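We begin with a single chain expressed as structure tokens, specifically the form predicted alone.
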């Protein structure tokens, strides 16, 4: 399982809270060995993947369970967005009626309630996949400093589970995102969505964590699962 890493200086700016997600999308697209003409994006959000694609395609189907995100997603005659939750098996019965060559999911499957069931349902669609899943290595030092259990699954656990359903290539991405202050860092955590809306610390505990956090950056770890 290949491991790559990257360090990025981050100046907090409006509308750039998904900077890591954008890097993940770029990496996923770079791993393609062809340019699919019909695409399914599970957990499409506001359209990071759709906006990053630089080739002409016939159809793009985006799925998300946040209507507010779907409202922000690009729309056109060949881009369709539908409301759906990948935790719901009936979604995949509906998706089986659509045509697409390749399945993407960038930075969303870490929130699956039952990841094995989701993998099984994706497998039933019988298409090549490009999946990116945040792992427990994300916010590793922060969790240790705050004495919190990781919110996400480990890369090893996700890989082992996915191998039951996919013959795939795996790569672990490690990113470090540097901030000018701990206040900017914690604002990023709140705004970016990478914490899964978890708020388990009191105000006093959060203030203490901000004082004791030993780094000027946050760690991110993402497992790529690619099949052709």
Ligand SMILES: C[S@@+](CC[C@H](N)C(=O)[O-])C[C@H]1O[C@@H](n2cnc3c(N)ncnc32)[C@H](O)[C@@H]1O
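Residue numbers count along the first chain shown, from 1. Remember, predicted model here, so these are calculated numbers, not experimental data.
Same protein, other form: the form predicted together with this ligand, not shown, and the subject of what follows.
**Q** Is there a heavy atom of residue 45 no more than 4.5 Å from a heavy atom of this ligand in the predicted complex?
**A** Close contact exists here: in the predicted complex, residue 45 approaches this ligand to within 4.5 Å, heavy atoms only.
**Q** Would residue 25 sit within 4.5 Å of this ligand in the predicted complex, counting heavy atoms only?
**A** Yes - in the predicted complex, heavy atoms of residue 25 and this ligand come within 4.5 Å of each other.
**Q** State yes or no: in the predicted complex, is some non-hydrogen atom of residue 85 no more than 4.5 angstroms from a non-hydrogen atom of this ligand?
**A** Residue-level check for residue 85: yes, a contact with this ligand.
**Q** Does the 4.5 Å heavy atom contact test between residue 130 and this ligand in the predicted complex come out positive?
**A** Result no; residue 130 lies far from this ligand in the predicted complex.
**Q** Only one of 104 to 112, 150 to 158, 121 to 129, 136 to 144 has heavy atoms within 4.5 Å of this ligand in the predicted complex; I'd like to know which.
**A** Selected stretch: 104 to 112.
**Q** Select from 53 to 84 the residues with a non-hydrogen atom within 4.5 Å of this ligand in the predicted complex and write them out in sequence order.
**A** Counting only heavy atoms within 4.5 Å of this ligand in the predicted complex, the contacting residues of 53 to 84 are 64, 65, 66, 69, 84.
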